[in-house]
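For reference, the chain that follows is the form predicted alone, supplied as C-alpha cells.
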Amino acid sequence: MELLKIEDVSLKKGNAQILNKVNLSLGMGEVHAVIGPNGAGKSSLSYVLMGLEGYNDHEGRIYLEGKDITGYSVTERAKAGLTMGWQEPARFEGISVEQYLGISLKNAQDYSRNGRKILQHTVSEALEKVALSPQKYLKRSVDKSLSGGERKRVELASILLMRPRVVILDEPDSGIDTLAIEKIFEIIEEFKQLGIGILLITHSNKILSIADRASLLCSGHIIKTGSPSEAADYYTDQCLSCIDERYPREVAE
C-alpha cells in the first residue's frame, strides 16, 4: 500500500524553478532516500510535503494513505500522520524535555499487529532509545542549553513516541556522534516494523545504506530512482562529471 504519493509537484520562487514535476511514492515500512547535490531541491521538497508557509503555493498533488492532503495546513497534516525530523531542530524556551515528549506521547497513533495492540514506549524508554539518560535529560529545557545533536536526539525520541504514518528525516546524522547514529538505525528499523514510511534526505552513504529505494534529485527533477547503490552510482558516474556549473562536484561523505 502507498502511504505517500507525490504527483507532478512543481514549485517556483520568483523566477527560479525549485521543483519540476516531481513524482515519488513511499510504501508501508519502506525507507525511500532522496539524494542529490546541494541546491537540488531536497529540503524544498520536504517543506512542500509539510505544507510550510512559502512552500504551499505549488502545482501537483500530495496524497497520504490515498487522501488528497494538498490543501491541508501543517497542523492538519500532522494530525493525519505526517511529521518531520528537522536538520536543525527547534528550541522551546521554558519547556522541559519531559513536557515536550509528553505532548508527543499524548498525540501518539495506535498500532496493532495480528489483532493485538503494540505497546507504546514510555518517555524514559524513548530517551534511552536515542542514547540519552532520562535521569540527566528529563528535567532539562529544550533550549540553547542543549547542543544541536542533543536536540536532534530529543526530537527523534519525540517522533518515536508520536508514531506517525509517515516521517521525513532531513539529514538525521547531522551533528550526531557514532553511537547515536547506530541508535538512529535501530529506530528506523522499529519504524519499519510498525509499517511507518520513512522519507530519508541524506548526503551520507552510511545512512543511505539503510534505504530500500533511492531517488536522485537534481535541479528540481527526479532523474533516477532505483536501489540505493544504483542511485549513488549514477550520482558518482553522471552528476559529479556534469558540466553544469550550478552543481557542486564534491562526493557525498
Partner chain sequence: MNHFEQMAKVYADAGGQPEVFKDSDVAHLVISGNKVLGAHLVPGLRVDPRETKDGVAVKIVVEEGVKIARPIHMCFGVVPEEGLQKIDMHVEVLDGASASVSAHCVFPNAVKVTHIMDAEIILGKGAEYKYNETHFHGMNGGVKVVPKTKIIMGEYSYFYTEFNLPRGRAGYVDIDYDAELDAHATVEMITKVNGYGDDLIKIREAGTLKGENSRGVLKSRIALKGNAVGDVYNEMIALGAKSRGHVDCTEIIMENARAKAVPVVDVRHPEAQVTHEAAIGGVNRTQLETLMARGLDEEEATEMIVQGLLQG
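Computed from a predicted structure; not experimentally measured. Residue numbers count along the first chain shown, from 1.
Beyond what is shown, the protein has a form predicted in complex with its partner chain; the following relates to that form.
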Partner proximity in the predicted bound form: Ser174 to its partner chain, non-hydrogen atom cutoff 4.5 Å
no
So in the predicted bound form, does any heavy atom of Asn107 sit within 4.5 Å of its partner chain?
yes
In the predicted bound form, does Leu127 come within 4.5 Å of its partner chain, counting heavy atoms only?
no
Please check if Gly71 has a heavy atom lying within 4.5 Å of any heavy atom of its partner chain in the predicted bound form.
no
Where does its partner chain sit in the predicted bound form: which of 180-188, 193-201, 24-32, 49-57, heavy atoms within 4.5 Å?
49-57
With the partner absent here, would Val9, Lys12 and Asn20 each sit within 4.5 Å of its partner chain in the predicted bound form, counting heavy atoms only?
no
Answer key, its partner chain contact in the predicted bound form at 4.5 Å (heavy atoms) among Ala131, Leu138, Leu146, Ile95: the residue is Ile95
